[in-house]
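Take a look at this single chain in structure tokens; it is the form predicted on its own.
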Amino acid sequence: MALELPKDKWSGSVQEVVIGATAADGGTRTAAVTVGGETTMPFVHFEAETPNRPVLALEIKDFRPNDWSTLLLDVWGEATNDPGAWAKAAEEAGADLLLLSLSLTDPEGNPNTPEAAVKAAKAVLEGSGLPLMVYGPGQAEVDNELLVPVANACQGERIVLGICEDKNYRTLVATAMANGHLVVGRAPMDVNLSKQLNILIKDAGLPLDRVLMDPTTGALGYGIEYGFSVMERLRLAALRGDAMTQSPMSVNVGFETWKTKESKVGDDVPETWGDWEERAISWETITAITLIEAGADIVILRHPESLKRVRAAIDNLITAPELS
């Protein structure tokens, strides 16, 4: 007798969001990416197909990031000196999407300027045809100062601006609305706070098909269990019909994993930790795959080998045979 698998019936779905604008849509991107659209939990093929694969982004910086691991600086080489060249290298490495992360200061330690931020963003758009996300350095006032002129300069490209938080969401939402862009909102690892931020963004006038959600997470061994739980509960709420939790989720895995001791340190560690480079890449890869299985639609990485391995894992998950 054939085994009949029990299937959940969901009343809700994840909002589809399109990032990037091609020439047909008034932009210059060679392709756009669509995320979201799920009607069941990740990779539950016997309930519903995965409408849009998880998207893999690579993070690049406006200036050579001297606080990054030498493993990363070595693998990207001279490209780290030019955001346009770095964007091209990231596209050649197989990225679906680019994140330009703006620095707080320039290499001499002077405060970053709107002019430098715009120059970097334009260099990335010229260096690669991939859709673009642009994040500020993480201080609300500075983010506003840098991201508003970037949004103006990239009008029509349908880029993602981040990070929207409760301190600065009004400014970023306003400039996104004025220039046809999207935003990503980040709340500190809490279902209700993520939902509340989406409500604030929507009430400010931005439709939910232009909103991504960053629920915040930890790396492998650093709170990933709680982050996984929050993401899973957000996805369950979305499928149950809660419109304010139905935004696709984006997580910055590279930022989280490359600041852990296991990834940063190559000397004076136990011999059982093994090869430093392999360990660091594995830390980023395993964190990414775990969060994809929790519902992440966009995963931001830093190492090209991690991207290759995560893509292979997604291929296996997407093509897994249906249970019968």
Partner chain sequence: MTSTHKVTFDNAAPVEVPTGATLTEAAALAGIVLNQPCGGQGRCGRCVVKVQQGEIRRRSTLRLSEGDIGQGYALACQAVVEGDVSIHVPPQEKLERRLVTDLTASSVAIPDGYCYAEHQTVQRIPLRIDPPSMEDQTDDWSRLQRSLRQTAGIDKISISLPMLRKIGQILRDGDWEVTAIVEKSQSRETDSARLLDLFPIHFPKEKPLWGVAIDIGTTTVSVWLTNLITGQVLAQTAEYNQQIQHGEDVISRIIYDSKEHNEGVLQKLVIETINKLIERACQRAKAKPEEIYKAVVVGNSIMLHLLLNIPAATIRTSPFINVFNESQHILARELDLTLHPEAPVEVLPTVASYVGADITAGALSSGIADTEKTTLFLDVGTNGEMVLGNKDWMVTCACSAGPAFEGAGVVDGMRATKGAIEEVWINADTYEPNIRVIGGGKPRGLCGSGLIALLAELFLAGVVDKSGNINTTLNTPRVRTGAHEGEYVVAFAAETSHGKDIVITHVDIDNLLRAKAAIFAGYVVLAEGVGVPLNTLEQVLIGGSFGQYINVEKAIEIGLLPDLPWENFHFLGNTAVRGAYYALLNWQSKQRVNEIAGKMTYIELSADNAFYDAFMSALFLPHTDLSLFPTVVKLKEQNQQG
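Residue numbers count along the first chain shown, from 1. The structure presented is a predicted model; accordingly, all values stated were derived computationally and were not measured.
There is another form of the same protein, the form predicted together with the partner chain; it is not shown, and what comes next is about it.
Among heavy atoms of Asn110, none comes within 4.5 Å of the partner chain in the model of the complex. For the chain shown alone, Lys122 is not a contact residue for the partner chain in the model of the complex, no non-hydrogen atom being within 4.5 angstroms.
Taking non-hydrogen atoms only, Tyr135 never approaches the partner chain to within 4.5 angstroms in the model of the complex. Among residues of the shown chain, Leu71 is not one whose heavy atoms approach the partner chain to within 4.5 Å in the model of the complex. Residue Gln196 is the only one of Asn152, Asn144, Gln196, Asn81 with a heavy atom lying within 4.5 Å of the partner chain in the model of the complex. A heavy atom within 4.5 Å of the partner chain in the model of the complex is found for exactly one of Asp106, Asp209, Glu126, Asp166: Asp166.
Looking at 153 to 161, 94 to 102, 198 to 206, 111 to 119, the stretch with residues near the partner chain in the model of the complex, meaning non-hydrogen atoms within 4.5 angstroms, turns out to be 198 to 206. Across the proposed site, Arg29, Asn52 and Lys88 without exception lack any heavy atom within 4.5 Å of the partner chain in the model of the complex.
Within 4.5 angstroms of the partner chain in the model of the complex, the stretch 292 to 314 places no non-hydrogen atom at all.
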